[in-house]
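Just one chain follows, in the form predicted alone, and it is written as C-alpha cells.
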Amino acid sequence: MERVRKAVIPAAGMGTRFLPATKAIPKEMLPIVDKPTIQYVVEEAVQSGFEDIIFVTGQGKNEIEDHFDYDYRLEHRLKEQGKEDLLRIVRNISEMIAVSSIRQKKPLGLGHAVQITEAFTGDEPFGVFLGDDIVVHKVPCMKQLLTVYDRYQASVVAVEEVPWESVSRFGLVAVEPVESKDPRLLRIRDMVEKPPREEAPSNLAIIGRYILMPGVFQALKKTTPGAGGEIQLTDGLRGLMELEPVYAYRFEGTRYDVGNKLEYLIATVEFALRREDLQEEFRDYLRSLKL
C-alpha cells in the first residue's frame, strides 16, 4: 500500500472578492485572529501526516512561501527582546513541514493548477487542499479521507450537503451507496461543475479536500477548457472515473468558506471564541453589543 506523503495547495487566485485588502497581500495571508488562513490549512496537512507541500502560486504571492521560511532577523530580534513565546511560535511555523512552490503563469483553472504539479507528485497518490476551506474537527478532514484511501486505494473527495438554492456555486456529485459500515462513504457516478439548480444531480457539494491517484494527470491532459477558458478539476475527475473508481466522503466537522466575506467574519468570531486568551473578554464584548 502506497502512503500519501505529498500535498498540493493551489494558491494562484487573485482574491478579487477581498479587494482592496488583496491588492498587495495574497488572500491566503489574510488573518483569522492572528494566523493567516493558509496556515490553518498547512496545519491540517501536518496533522494528517503529510511530509511535503507544494504551493501553486501566481504573481505577487511570494509572501506565502516566505511565511513558512526561516527568518533569521525576526528570530534574532525576538531572542534579544526575551520574547520566548513568540520566538517559539515563529520557529514552529518554519519547522512544521517542507514547502516549495511552482508558478501558474496564466489563470487556467484549478485543473491546470493541479496538472502542473506532476513533476512534484510523480506516480504517487497525493492530497489537494484548497485554501478557501477551513474545516474544524477533532479528526482532520483530510485524515478522514486518508482512512478511505487506506481501505480502497482510490481517489476520494470530501463532500457536504449544501442548500439547494446554493448548488450553482459548487461542483456537485451524483452518488451510489457502497457496501460499507460507514454510511458517509459513497461512490461517485458523475459530477458537474456549478450547474443550474434544475440540472443539479444532488445537493452534495465537493469541498476543498481531495486524495487523488496519479491517473488524474492523464485525465487532465485530455480535458478541454470549459467556461472562461479554464481547465476544471471536476472535468478531469470525470475522465478519471472512466478508468477507475472515485469515492466521496461526507466528512465530519464544521467548514468555513473563508473566501466568502460573511463566512470569513463568522470564522474570525468563532475562532476567537475558542481561544483561551481571548474568549472570556471577547464573549463579554459580544454580549454588550446592542443589536
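Numbering starts at 1 and runs along the sequence shown. Here the structure is a predicted model, which means the values were calculated and not measured.
Only in words, not in the display: the form predicted together with a small molecule, which the text now covers.
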Proximity to the small molecule in the predicted bound form, single hit among Gln39, Ser48, Thr234, Thr57 (heavy atom within 4.5 Å): Thr234
task: Check each of Lys194, Arg91, Arg187, Arg184 and return the one that places a heavy atom within 4.5 angstroms of the small molecule in the predicted bound form.
output: Lys194
query: Is the small molecule in the predicted bound form near all of Pro125, Val148 and Leu212, within 4.5 Å of a heavy atom of each?
result: no
message: Heavy atoms within 4.5 Å of the small molecule in the predicted bound form: which stretch in 70-78, 140-148, 93-101, 164-172 meets that?
response: 164-172
message: Can you work out whether Glu160 and the small molecule are in contact in the predicted bound form, taking contact to mean some heavy atom pair no more than 4.5 Å apart?
response: no
message: Is Ile207 part of the interface with the small molecule in the predicted bound form - any heavy atom within 4.5 Å?
response: yes
query: Is the gap between Val114 and the small molecule in the predicted bound form 4.5 Å or less for some heavy atom pair?
result: no
- prompt: Even though the small molecule is not shown here, does Leu110 get within 4.5 Å of it in the predicted bound form, heavy atoms only?
  reply: yes
